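Single chain ahead, written as structure tokens, the form predicted alone.
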Amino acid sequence: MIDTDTRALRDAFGRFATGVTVMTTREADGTPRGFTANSFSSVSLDPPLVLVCIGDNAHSGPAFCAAPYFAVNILTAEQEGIARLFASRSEHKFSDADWHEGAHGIPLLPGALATLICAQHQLVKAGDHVILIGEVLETQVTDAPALGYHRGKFITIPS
């Protein structure tokens, strides 16, 4: 194993450009929850699986680990403000953002580049994160430039 300090490792990871998503779900009492994530990936086409990594210290982590359903909202370049809002610890994310209820009562963000409604498939503990694997039940797509993240900054990925 290579001995690497945390800052150097974060800098290395930051060299990989990613898309930006907002993950949404509901707590058992119906409260909507959401957070910005760029650690999202497709896993399988058959069955249709995706994953997102959630840090152990993430405020919304317990809600997502307990929820039977969640959504992945893949953001357009026009939605940087939404990404910043859901990356914050604000208690007013859903009152400050436009959203509507989708299948299974999951909050969805209008105008997203793509929306995936998922059923929880598996949770895998991995280091200081949990890997949430979801089975995709429903998709919606549009066409627009995507919001990306690279070296600590938001970028536009042309369509």
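Values in this document were obtained by computation on a predicted structure and should not be read as measured data. A residue's number is simply how far along the shown sequence it sits, counting from 1.
The same protein also exists as the form predicted together with a small molecule; that form is not shown, yet it is the one meant from here on.
Engineer: Just one of I54, V50, I106, A114 has a heavy atom within 4.5 Å of the small molecule in the predicted complex. Which one?
Structural biologist: Here the answer is residue option I54.
Engineer: Taking 4.5 Å between heavy atoms as the contact cutoff, choose which of V43, A97, I131, A58 touches the small molecule in the predicted complex.
Structural biologist: For this set of options, the contacting one is A58.
Engineer: Verify the contact flag for A37: yes if a non-hydrogen atom of it lies within 4.5 Å of a non-hydrogen atom of the small molecule in the predicted complex, no if not.
Structural biologist: Within the cut-off, so yes.
Engineer: Although the partner isn't part of this model, could you tell me whether R33 comes within 4.5 Å of the small molecule in the predicted complex, counting any heavy atom of the residue?
Structural biologist: Close contact exists here: in the predicted complex, R33 approaches the small molecule to within 4.5 Å, heavy atoms only.
Engineer: The chain here is shown without the small molecule. Which stretch in 65-73, 106-114, 24-32, 89-97 comes within 4.5 angstroms of it in the predicted complex, by heavy atom distance?
Structural biologist: Answer to the contact question: 89-97.
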